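The form predicted alone is given below as one chain in structure tokens.
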């Protein structure tokens, strides 16, 4: 039976689309797959050329990464403390700031909004030396408070910029109704606005936590022996003489595991939060 020309064109587009998606997934997943393979090999097998396709898997690298001489477990606690404090402080500051940008008539509002956006465009490498000098002057190098303050400088503008769009999608009539019931600004924010932007707050929390957890540049320059996040601790397996690729891969996969769990657990909230603005925005007049 001859195919309809429109059906044939639709079929070709579908094939091309699936091929492109499959290629993108392969490009994304192959490094993770290769890291898993390397982490299950011995150091000798990792350096073999050509690579051994058939080998005897071992979990010794994971054991060394967890409880060996260069264990990354102590750094897990450090990363959780820094990422958790950064996330909590960011949300506490970003929510009222985003509400002010979205609702209040402020003098210099456009200039402040532009400044907030510009801070996201500054190359982080250009800020390392100023941050180092400032923290060294106040005695906050290699401290939790120093790392959290530095992380706030790039997480807070991002969170404000992300949450303003959610705040703006809430109809003003809902707050006006609360004002008619004698509610003040804070009560309207707490009882009316925040319940409507829970999805946006969840998305912001997840992204801020992920960014803080994955950060390396400031951690390696401004941390030290007392404050050593997991992204820095992984480089215990890298030295001038050699790089222990198998143990490094195992440590990297272990460091990724909490983020993978959080991503799967919060998948519904992420999708809901990313779509809530479009749905509400489309319904506005």
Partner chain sequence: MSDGKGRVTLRGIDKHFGAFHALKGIDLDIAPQEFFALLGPSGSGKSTTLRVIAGLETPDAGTMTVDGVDVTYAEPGERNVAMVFQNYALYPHMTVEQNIGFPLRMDGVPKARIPELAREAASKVKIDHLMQRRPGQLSGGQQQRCALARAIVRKPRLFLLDEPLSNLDAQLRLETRVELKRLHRSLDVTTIYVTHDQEEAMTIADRMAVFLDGDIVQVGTPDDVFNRPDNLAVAAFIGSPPMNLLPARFEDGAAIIAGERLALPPRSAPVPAEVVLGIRPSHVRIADTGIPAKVVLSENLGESMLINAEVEGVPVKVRLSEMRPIAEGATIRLAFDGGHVHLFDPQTRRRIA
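Positions refer to the first chain, counted from 1. Just so we're clear, the structure is a prediction, and the values are computed from it rather than from any experiment.
Another form, the form predicted together with its partner chain, is not on view; read the next lines as being about it.
The candidate site formed by 180, 192 and 195 is fully in contact with its partner chain in the predicted complex, as each residue has a non-hydrogen atom within 4.5 angstroms of it. Interface membership of residue 91, defined by any non-hydrogen atom within 4.5 Å of its partner chain in the predicted complex, is ruled out.
Residue contact with its partner chain in the predicted complex: residue 174 places a heavy atom within 4.5 Å of it. Residue contact with its partner chain in the predicted complex: residue 153 places no heavy atom within 4.5 Å of it. When its partner chain is considered in the predicted complex, residue 187 lines it closely, a heavy atom lying within 4.5 Å.
You can rule out all but one of 139 to 147, 158 to 166, 73 to 81, 195 to 203: in the predicted complex, only 195 to 203 has residues with a heavy atom within 4.5 Å of its partner chain.
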